[in-house]
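Here we start with a single chain on its own, the form predicted alone, put down as structure tokens.
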């Protein structure tokens, strides 16, 4: 069973999301579908034939943090997944290793599965393992047995929204390296997703990569005809 994670980012109006929900309620898949809409729409998703995830979470438990949303609030809505450390938050909002670690930890404490995003910039390709090691180590260190529940989403930053995708061999090598690093250093097996310009045109190629346990899909998930195409291709 693959994880198919749709990250809507800051897109879609209320009317658009209501139409979207109506259509996805009719989708049948043997894979696990996870939809991550903008905060205002989380409670609109009933999760009858899919799961619901948040695009972010506060590192604080509760209190006077205007504009933030806590893990316990998300859990009270039935949210089961949260995207943590997306490159847009790391680079645009300057989220630090320490902050991301806190978010991973607070998700696990509230029975929310963190989808931890890691990836290198174009100019960092030659230091990819060093970059990924730092991102993994900072998130996994000082996490207890629950670390087995962390899902890793490898998204090369240079691939997000550009239409550029690493070769199958490069993705296989990187995801296999991630799995081995986690197993060797934290004694757990982890699920690894691939993200970065995933769409209906390249999903058939990507599904041939054995180390991929699922996909983190951005822009292509906003167009239901494209998303349904991908879901159907992954059923075969």
Ligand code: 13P
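No experiment lies behind these values; they were computed from the predicted model shown. Numbering follows the first chain given and starts at 1.
Not pictured, yet referred to below: the form predicted in complex with 1,3-dihydroxyacetonephosphate.
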Inset, instruction - Counting only non-hydrogen atoms, choose the one of 131 to 139, 69 to 77, 84 to 92, 104 to 112 that falls within 4.5 Å of 1,3-dihydroxyacetonephosphate in the predicted complex. - result: 84 to 92
Inset, instruction - May I ask you to check whether residue 196 falls inside a 4.5 Å heavy atom distance of 1,3-dihydroxyacetonephosphate in the predicted complex? - result: yes
Inset, instruction - Would you please decide whether residue 9 lies within 4.5 angstroms of 1,3-dihydroxyacetonephosphate in the predicted complex, comparing each non-hydrogen atom pair? - result: yes
Legend entry - Partner proximity in the predicted complex: residue 143 to 1,3-dihydroxyacetonephosphate, non-hydrogen atom cutoff 4.5 Å: no
Inset, instruction - Tell me, yes or no, whether residue 214 is in contact with 1,3-dihydroxyacetonephosphate in the predicted complex, where a contact means a heavy atom of each within 4.5 Å. - result: no
Legend entry - Stretch 149 to 179 - residues with a heavy atom within 4.5 Å of 1,3-dihydroxyacetonephosphate in the predicted complex: 155, 159, 160, 161
